[in-house]
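First comes one chain, alone, set out as structure tokens in the form predicted alone.
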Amino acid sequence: MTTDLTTLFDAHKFSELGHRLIDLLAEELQRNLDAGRPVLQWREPAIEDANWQAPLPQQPTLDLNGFIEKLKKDILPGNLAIHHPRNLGHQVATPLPVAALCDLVASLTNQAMAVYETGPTATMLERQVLRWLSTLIGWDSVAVNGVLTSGGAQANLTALLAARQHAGEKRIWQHGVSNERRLRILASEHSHYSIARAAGIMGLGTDAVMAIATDAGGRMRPEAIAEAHEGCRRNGEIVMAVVANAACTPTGSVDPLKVIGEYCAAHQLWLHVDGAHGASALLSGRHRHVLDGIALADSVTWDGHKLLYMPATVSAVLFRSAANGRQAFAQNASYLFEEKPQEEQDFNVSYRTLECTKRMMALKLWAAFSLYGVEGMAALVDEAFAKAGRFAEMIGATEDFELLMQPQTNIVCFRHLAAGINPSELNRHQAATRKHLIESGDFHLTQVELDGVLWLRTTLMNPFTQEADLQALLDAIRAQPASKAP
């Protein structure tokens, strides 16, 4: 059978299918917001995997009607319902619908963005968004010192590559680290796993990351940083970077950025702030004080797909100095980069990022800020933080629940002190309770273990989550029999 290739790109069929898809997704969104379906229709992954082991189609197996039906009956219902008001689990945004439409624009226009000519407007959009984010941090609003990249882990790696180049012999990119004094990274004991992963990728070894102790609020202790720094100096080691959290993944805690930043400035240490989750507090006049001192950082990671309510993934890695931003990668590729003055090369995004082909990520951020403004985006952050504070109050008013700490952002950790359970069995009870709630489809929440104690963990990001949903969660946990703990 000969395929008429023009039919694969038919604009009329695209329009027809697109309208049907948008209608289907609008129905799905409304159903989730109205809690008209379970948060998750749990299926054992091994069994589900068997259901999806179809042979590779050599000929079409679906027409457009069949494709829509497959989405409607098998694909969408099997997803985690991100917009559901009882989805309280991971730090994944309930994305703004307009941002999802921007991703459609980015996908169809397919601007590769390796160099300026492969994505001219996409490059300008990205530069504008980076300026806006830098302005919010408190940096120069004219310079473009950063890049958008695919996720916070890659943003952290990019920042630490620049820090390594800054700390080491200037040709470390070419010659490697074998002839260097040992490089160290000082990071919170609650730092994201991507920090240790970056150390491994860079050839430093994960042992290069020194875990800095935190206080009862999950914040890095400045005196512990100073002690670790002095120990490194005595051992002839170089502190390549200090990594502060804003906010950490387990508890949402924010390190004392101003004190840490002043120490790093006084000792000429690179400060990287992992603000993947919490940097969006900078939008809020009510909460930006939590990040006081972030402008002292040399680099900042900021995820759009968390509290900027973007679809995954879009992350910014931002540098206080343009020169530092250029240090992360130092390569030549004549098929992409020509010998041009630095100010012209700055328009070629691939100089500053791990990706070569890079999609147009900035459009959705540009659209959200343009349509809703900082004030509109800040309202989402304020709502999330307020909801976490209210949930903490509800937990604190009970006798059978224990709150780990007052939330500093929108993450709340707690545990159920079920009557009749031996304290040694409490961890097993939390795990069994969470498993039951997820597999029932009633709620989605996570768990975290700190110092041997297991806590239930909620991330409150959905503006449609109401106090009644939070009360229903506590009631559902109470209803879980202690005898079901494995």
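In this text the structure is predicted, and so the values were computed from the model without any measurement. The first residue of the sequence shown is number 1, and the count goes up from there.
Just so you know, the form predicted in complex with a small molecule exists too; it's not on screen, but the next bit is about it.
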Close approach of H305 to the small molecule in the predicted complex, 4.5 Å, heavy atom: yes
M220 versus the small molecule, in the predicted complex: is there a non-hydrogen atom within 4.5 Å? no
Given that the small molecule is not shown alongside this chain, does G151 nevertheless sit within 4.5 Å of it in the predicted complex, heavy atom to heavy atom? yes
Look up in the predicted complex whether D255 has a non-hydrogen atom within 4.5 angstroms of the small molecule, and give yes or no. no
Counting only heavy atoms and a 4.5 Å cutoff, which of 181-189, 273-281, 347-355, 102-110 contacts the small molecule in the predicted complex? 273-281
Considering Q408, S134, T158, S315, which brings a non-hydrogen atom within 4.5 Å of the small molecule in the predicted complex? S315
Quick one: from T94, N145, Q165, Q91, grab the residue that has a heavy atom within 4.5 Å of the small molecule in the predicted complex. Q91
